[in-house]
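Form predicted alone, single chain, as structure tokens, below.
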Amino acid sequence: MRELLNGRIEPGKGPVFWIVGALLVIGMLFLPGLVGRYTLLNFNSFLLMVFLATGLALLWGFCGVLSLGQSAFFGIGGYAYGIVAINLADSPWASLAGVAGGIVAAVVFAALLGWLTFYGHLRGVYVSIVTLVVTLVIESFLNQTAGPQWKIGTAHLGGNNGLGRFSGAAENIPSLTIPTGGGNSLVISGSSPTFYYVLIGLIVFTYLLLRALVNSRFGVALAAVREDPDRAETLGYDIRLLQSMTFCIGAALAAMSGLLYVAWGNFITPSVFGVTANVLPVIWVAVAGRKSLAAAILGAVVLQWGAQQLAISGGEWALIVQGALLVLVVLLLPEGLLSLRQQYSRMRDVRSSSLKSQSRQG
């Protein structure tokens, strides 16, 4: 296990890396005691998007497949969570059943879409176009489901008003609830410190699990597919199976963000399937560095926080600045800001080698 966590594919290894990471996590545990409820509510909304970002980083940075439709799985996970939870509202297991339903629904949809896409021999920009178009079709459909006849069980889709809302009526989507026995349950609201700690625990667990995955033989195979799919296939790799599996893992992670988003805010609308919702994760991952899970985590949190500050002070400047940042990074640093560290390391190694060579000659 140590070899998987300290592998060469995901950047960062050695005592210094792990000590700094542990100190960062420990420091974050003190945040709820330092900020107010409103600030914690916002920060929770930033953290829950980490799963969406890491899923895209895995798919794009490690497998070489750029999906512009990750918000489809985000939305499917969120809608499935809400539908299951509303239909089982009288059960203490409603929200946990919604969690399972959200992930399963997104993975099944991803498996079908991945089969049609990858086994249909689509590559490159065509995959991006297909995933984006599918997402926009779902958004268009859900916007037309405002009538009372559009319901699944007791959950009304609500059109552009959102799940459970139509004609002025509203059905409450339960928050994350964990049965504790004896007929009691622990309700975890989106603004609570408990929700924050749940997110921190899930993020750490997910990062370590994905880190071990990309540093395994599976990750090596993904890197081969990313660098040269034709050559990887010639060497015996089933590239379409590898792409489909990674697509499903990315969908499960996006669904995790979606269902946590619904549990956080107790609502979801078709806007989560929109163009903006699809492009923002691409910006987070591209700017920070798509070939690093840790960079994707930091990019998602930092850029969301920065966008919120710009929105507060400058209105629509947030999207303009993020778009300009993406263009600059693509033109100047195609591998993201993480490449600055790698370039510095290479320059240092070259300089060290040059000094050693001069000393030998002297």
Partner chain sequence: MLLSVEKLFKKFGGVVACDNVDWSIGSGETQCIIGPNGAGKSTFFQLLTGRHAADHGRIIFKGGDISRLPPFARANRGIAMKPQTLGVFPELTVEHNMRLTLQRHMSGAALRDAIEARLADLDLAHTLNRQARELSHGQRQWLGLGMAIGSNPDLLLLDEPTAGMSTAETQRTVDLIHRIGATGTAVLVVEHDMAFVRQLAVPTTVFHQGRIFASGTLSDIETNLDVQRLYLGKQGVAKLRN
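Positions refer to the first chain, counted from 1. Just so it is clear, the model here is predicted, and its values are computed rather than measured.
Same protein, other form: the form predicted in complex with the partner chain, not shown, and the subject of what follows.
Which among 83 to 91, 221 to 229, 186 to 194, 153 to 161 is in contact with the partner chain in the predicted bound form, heavy atoms within 4.5 angstroms?
Selected range: 221 to 229.
Would you check, heavy atoms only and a 4.5 Å threshold, whether Q149 touches the partner chain in the predicted bound form?
The answer is no: Q149 has no heavy atom within 4.5 Å of the partner chain.
Are any of the heavy atoms in F118 no more than 4.5 Å from a heavy atom of the partner chain in the predicted bound form?
Although the partner chain is absent here, F118 would stay clear of it in the predicted bound form, with no heavy atoms inside 4.5 Å.
Classify G236 as contacting or not contacting the partner chain in the predicted bound form by the rule of any non-hydrogen atom within 4.5 angstroms, answering yes or no.
Yes, G236 is a contact residue.
Taking the partner chain as it sits in the predicted bound form, is R165 near enough to touch it, meaning that at least one heavy atom pair lies within 4.5 angstroms?
R165: no contact with the partner chain in the predicted bound form.
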